[in-house]
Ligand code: UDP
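Given as structure tokens, the chain that follows is alone and in the form predicted alone.
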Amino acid sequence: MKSSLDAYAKITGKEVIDQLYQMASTLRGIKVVHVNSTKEGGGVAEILNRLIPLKKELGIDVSWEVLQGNDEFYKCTKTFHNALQGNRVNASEAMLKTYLEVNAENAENLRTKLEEADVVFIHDPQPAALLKMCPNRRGKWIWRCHIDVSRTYRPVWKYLRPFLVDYDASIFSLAAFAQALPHLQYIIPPSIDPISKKNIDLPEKEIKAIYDQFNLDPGRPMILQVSRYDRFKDPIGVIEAYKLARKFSPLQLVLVGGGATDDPEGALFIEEVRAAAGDDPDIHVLLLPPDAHHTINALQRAADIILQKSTKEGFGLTVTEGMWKGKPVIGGHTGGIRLQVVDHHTGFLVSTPEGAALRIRYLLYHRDKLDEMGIKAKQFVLENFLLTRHLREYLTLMIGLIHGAGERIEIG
């Protein structure tokens, strides 16, 4: 019986898959639990949706638990998210009380599973307090931070840090994001799944069908940004860049986003985006459901240029996705985008709408350069940002934590 892992061998090479099985042989049967705040919407849920089944296939007893919270809890954790990325905002005493109450309620429901696990991955600040509420834990606990915490608003970091210090390890997407914590720290960038609906190759007719579906003009260049409607993703800056660039070239802009259950600000912000777009028929502001992977894939393949003009970004999987489709990416000069967009090679890094508009004009007038950057972009993702690499690094981390500092670890 063919395994799903075998399907990756056609892309990565069989030796990569053989190595995964070999590494997993020393972990077979261990209990692993992942905990995050949402089952759908955003990159964390997307990665876990693909990573969990592969761990199971390798013989690891893995489960995924989603924190159950209320509106006040998600307002608090969104405040944490904004403050950890540098905004000067504080959570109220009532919010902090709710934060602890919700974590305590979830700890009550999950305590047996968490305390019996060999390895527990806690994703981002939302469930961070669970560790202190599981005093009889026997396994290794890892805090996986997916956001840019390099320049936190200190009062909020000071509140959260006591919940984090007792973890056995933490994971950050970039070395620049790491904070001073008294335990092992690992750098593991996120990844995309090349055989998922969002990234698999599509027939040309399905790509062309997207023009009719959203009333797009196949005769004019399309620029595209795919992101949650979040202020840090700067869709309004993208609209400004489009308005500047279209003065010199016919153009259409597509903004694609969706909501996440743990983001209470999204619905309000999309109205600001629509107001910025006004009645321009060539700006298409789309709100798609979290499972619209096939549609997003087709839009990314139909686009001429991908944008991700974030002002803050943990990593930016939509950058990775666009590059995998062989597109140059114009991205904000921030966070994980800088790890992916090699300036002047796989795309351009920009800091302003004017800079983005300049790069749009350049690529549309130099199609040979646009194509060359797209080829380099896809190769860069193949070598660095696929799910198989991500899985290998998680296995390496677990082997290291479970076996400690032994000089030699035998794997199958």
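All values reported here derive from a predicted model rather than from experimental measurement. The first residue of the sequence shown is number 1, and the count goes up from there.
The same protein has a further form, the form predicted in complex with this ligand, not shown here; the description that follows concerns it.
Checking A117, I305, V149, V256 for any heavy atom within 4.5 Å of this ligand in the predicted bound form turns up a single hit: V256. Screening H284, R228, H333, K243 for any heavy atom within 4.5 Å of this ligand in the predicted bound form leaves a single hit, R228. Residue heavy atoms within 4.5 Å of this ligand in the predicted bound form occur in exactly one stretch of 352 to 360, 42 to 50, 378 to 386, 55 to 63, and that stretch is 42 to 50. A residue is said to contact a partner when one of its heavy atoms sits within 4.5 Å of a partner heavy atom; K198 meets this definition for this ligand in the predicted bound form. Within 4.5 Å of some heavy atom of this ligand in the predicted bound form lies at least one heavy atom of G316. Remark: H123 does not count among the residues lining this ligand in the predicted bound form, judged by a heavy atom distance of 4.5 Å or less. Contact annotation for L181: none of its heavy atoms lies within 4.5 Å of this ligand in the predicted bound form. At a distance of at most 4.5 angstroms from this ligand in the predicted bound form, all three residues K233, I296 and E321 contribute at least one non-hydrogen atom.
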